[in-house]
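One chain is shown next in structure tokens, namely the form predicted alone.
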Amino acid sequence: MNTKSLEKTPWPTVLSFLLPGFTGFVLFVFLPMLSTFLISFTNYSGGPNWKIVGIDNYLTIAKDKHFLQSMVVTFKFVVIGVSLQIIMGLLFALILNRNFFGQTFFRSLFFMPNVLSSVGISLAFSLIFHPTKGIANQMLEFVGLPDSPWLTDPSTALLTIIMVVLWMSFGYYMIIFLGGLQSINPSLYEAADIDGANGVQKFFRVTLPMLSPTMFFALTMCIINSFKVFDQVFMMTGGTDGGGPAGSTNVVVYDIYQNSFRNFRFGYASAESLILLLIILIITVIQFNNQKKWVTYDI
């Protein structure tokens, strides 16, 4: 490769290649974020009569029991959902990393829900979990078990949505873990065999440490995606008037949607969005700062 030709590439040529991506970033990322930040300090509601209110929106949020409840619901969803998605993804990756007939078919089968429309899947599961006509309760009756309220009871609505998200998403993390498992040096397992390690010892002493960078990436992405959950809550628990029975599925993103597009409190909703962004940023920074304690990059 001729490096001299690269050094002499004129700046207009370089900028012409960078311009499309940079333009998209400015139009669809930077400007919307800047607008959200500025609007969060106003009482803007879509009309011409608005004014700057300073930090009043943030002070109101700090005392808003509805927002605080949505934050609690969101953290419940994140803790339970992330744990199940990571565990299921790793479990199925370990199973499908073995050589057996139909291996490729099952990999594709479990990954397929991840590429389907979340709206379509949510509508389908809304019918499946219908309290009187759904096939889920019909199957429970067939085996002699009592019906479940699924999406119509505060104690089960959030867990039902978590199950749907788990079914949709764990295949994505399964593929990520499969890539990590296949990148582990086989000589490490050979050395463990020579030392007399059993399967459990090899898993905890070889597989998990070598898989820790992949685990770190999957965990980070799963947490961010879980904080952003919206489609399933919107489609399965009432649409614009939803949020689940007694607000049991009213996650923060859905609360932002209601305040902006139902109540037309764009300034207040923008402040909520920035608080959610700050929470995700803090958690991500903590993860990156603590990765040295458990992530192994050495082979």
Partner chain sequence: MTSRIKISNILSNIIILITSFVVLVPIFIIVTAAFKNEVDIFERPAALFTENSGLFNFQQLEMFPRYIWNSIKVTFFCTVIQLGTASTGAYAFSKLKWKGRDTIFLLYLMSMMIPIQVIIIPQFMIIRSFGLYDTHLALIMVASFTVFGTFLIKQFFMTIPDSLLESARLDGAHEWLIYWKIVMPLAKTVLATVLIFSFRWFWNEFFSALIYLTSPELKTLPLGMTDFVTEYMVYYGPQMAAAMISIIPVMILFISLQRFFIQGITASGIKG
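As the structure is a computational prediction, the values presented were derived from the model and not from experiment. Positions refer to the first chain, counted from 1. Note that the rigid core is defined as the largest set of C-alphas that superpose within 1.5 Å between two forms.
Keep in mind that the form predicted together with its partner chain is missing from the display, and what follows is about it.
Checking I95, L140, I87, V72 for any heavy atom within 4.5 Å of its partner chain in the model of the complex turns up a single hit: I95.
Taking a 4.5 Å heavy atom cutoff to its partner chain in the model of the complex, the contact residue among V79, A191, L145, A124 is A124.
At the 4.5 Å threshold, heavy atoms of K293 stay clear of its partner chain in the model of the complex, well away from it. Residue contact with its partner chain in the model of the complex: L281 places a heavy atom within 4.5 Å of it.
Its partner chain is not drawn, but in the model of the complex it has a heavy atom within 4.5 Å of P113. At the 4.5 Å threshold, heavy atoms of P154 stay clear of its partner chain in the model of the complex, well away from it. Heavy atoms within 4.5 Å of its partner chain in the model of the complex are found in one stretch of 79-87, 154-162, 168-176, 204-212, which is 168-176.
With the core held fixed between this form and the one not shown, V143 has its Cα displaced by at least 2 Å.
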